[in-house]
Each structure stands twice: as C-alpha cells, then as structure tokens.
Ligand SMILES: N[C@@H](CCC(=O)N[C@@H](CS)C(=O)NCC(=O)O)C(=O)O
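Quick setup: one chain, the form predicted on its own, written in structure tokens, and binding and motion questions come after.
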C-alpha cells in the first residue's frame, strides 16, 4: 500500500483522518505509534519531527502530510473516492472548511484542555480552569448547532465537516452533555450509525479504558 497513516486509535484528531479514509474506501497501512516507547517515538520523529499524530505518508508522491484537516484535504485532492469530502462548489467548500475550523477550535480544543486537567497530578488540578473550558465547549455548541444541516453538516453530502464533528462531539459529550442541544445530539447519533464512523469507534473500543473521562 502506498499510503501510511501514523496514528493512535484513541486519538480524537486521528479519528478525523480515519473516517475520511474509511468513507472513501482508500487502501492504506495503519501505523500505530506508541509515543511512550523511545524507539517508536524516534522512528516517528524521523517521519515528522514534532511527533504529533495523525501524519499521512504518501511514498509515491514523496509527501508527508501532518494535521488532520490537511490530511482530509490532501485525500480529497489526490484520491478520486475522497473528492466529495471537500465540495467542488467554492462557496460550499468555504463553509465546509469554516465549520471544520470552528468545531476544532471551539469544541475540540477546549475539551482537550479538560482532559489535560484531569490527567494532572492530584496537587496540580485546576477546577476553575476546567470549568472555564466547559463554558467554552458550551459556547462552541451554541455556535455550531445552527450551522449543522441534515442529515449531514452540509446537507446531503458527507464532508470534511462531518469527519471533524464526530470526534469532537463524541468526546466532548463526556464533559458537557448534549442533552440541551437536541439537534446536535441527533446529529451525533446519525454520525455514529455511519459505517465509516462505526468502524472507527469499533476499533477504538479496546482503548476506551484509558480515556480519562470514561468514568464521567
């Protein structure tokens, strides 16, 4: 296989790339990275010095593509089956990219700060900071909820925005429940039932025991 994805199955940003690959039925080699293993980390740093996943390596084109949104964009540009992930219409494409960035910056990233706070040593917890980030997630929900169409973010076509929404909403729901945003909750339910998404969730299931907020 010519494509290799460096990833971890519990990583939320890796899910965005995996969903795109599965959605477009693109053959690739999954390369699970154990950052806790010095040799594995060093091998990954030889591919991408920051050692942050996901990273896509396209050997025939000699391309190393980091960052989940860029990976989906790259797949849409180079793989025929993924073309629809970034709509051809420039205005719709711009709205798709906008929603992708809003989801990442105003739901996904503040949620990750909540997880980081939970993982601190017992004497270093910051409950006030965690609550501030929960407030940011709520603001993010309020921001994106009116922008989500049906059945998918952009309407009838599954896009980059949907690839971004699943990991953000799935994980953030553990910290800020979606019950007060019924439209987003219903959308998350539709996403979970999508075959490409269900496959990602099934593969991640054995790793959920390590998720810091799994116990609520």
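Numbering follows the first chain given and starts at 1. Values in this document were obtained by computation on a predicted structure and should not be read as measured data.
Separately, the form predicted together with the named molecule exists; it is not shown, and the next lines address it.
Here the chain stands by itself, but in the predicted complex one stretch of 157-165, 23-31, 66-74, 179-187, 66-74, has heavy atoms within 4.5 Å of the named molecule. Using a 4.5 Å cut-off to the named molecule in the predicted complex, not one of 18, 86 and 96 places a heavy atom inside that distance. Not displayed here, the named molecule is kept clear of residue 79 by more than 4.5 Å at the level of heavy atoms in the predicted complex. The named molecule in the predicted complex comes within 4.5 Å of a heavy atom belonging to residue 52.
Residue contact with the named molecule in the predicted complex: residue 61 places no heavy atom within 4.5 Å of it. Interface residue remark: residue 12 is counted as part of the site for the named molecule in the predicted complex, having a heavy atom within 4.5 Å. Contacts between 35-49 and the named molecule, taken as any heavy atom within 4.5 Å in the predicted complex, involve 35, 41.
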